[in-house]
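A lone chain, given as structure tokens: the form predicted on its own.
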């Protein structure tokens, strides 16, 4: 298979990395939803659940970090296009039985390219912020299961993770 036949669109025919040309693509409504989780010790989970005098609202700060991360994705991922996001949401679910926090983020735009990377970056930034704010209590936290759940819009249509 030559590079021009490759499904990896960020490489040209000679195998050099490049930013994909989206200039001729249709402006369509696009949405992506991603999720990930952070597991922690029970005492750390309680700090996150109830807040603490030293750190305050961990999930509130993490939500803002996720939104900010989505807006800065093109600065972090070398071949991502800067995108005018029309909406970003970051939500958390406390999984008490697993001593974990599940983060789900969505990103939306109307434009020529998708927002999967923005949703994934939002989740990563939110979970990293939880780690940063709680590391003094628990350096053994584990961030895992980052994945794209859904994407809609564009030429390739919809993807929904099984």
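Numbering follows the first chain given and starts at 1. Keep in mind that what you see is a predicted model, and the values were worked out from it rather than measured.
Same protein, other form: the form predicted in complex with a further copy of the same chain, not shown, and the subject of what follows.
Q: Does residue 40 reach a further copy of the same chain in the predicted complex if we count a contact as any heavy atom within 4.5 Å?
A: Outside the cut-off, so no.
Q: Please check if residue 101 has a heavy atom lying within 4.5 Å of any heavy atom of a further copy of the same chain in the predicted complex.
A: No - in the predicted complex, heavy atoms of residue 101 and a further copy of the same chain never come within 4.5 Å of each other.
Q: Residue 132: heavy atom within 4.5 Å of a further copy of the same chain in the predicted complex?
A: It does: once a further copy of the same chain is placed as it appears in the predicted complex, residue 132 has a heavy atom within 4.5 Å of it.
Q: Answer yes if any heavy atom of residue 96 is within 4.5 Å of a heavy atom of a further copy of the same chain in the predicted complex; otherwise answer no.
A: Taking the distances in the predicted complex, the answer for residue 96 is no, it never comes within 4.5 Å of a further copy of the same chain.
Q: So which residues in 123-159, when you check a further copy of the same chain in the predicted complex, have a heavy atom no farther than 4.5 Å from it?
A: Those in contact are 124, 125, 128, 129, 131, 132, 133, 134, 135, 136, 137, 139, 140, 141, 142, 143, 144, 145, 146, 147, 148, 151, 156, 159.
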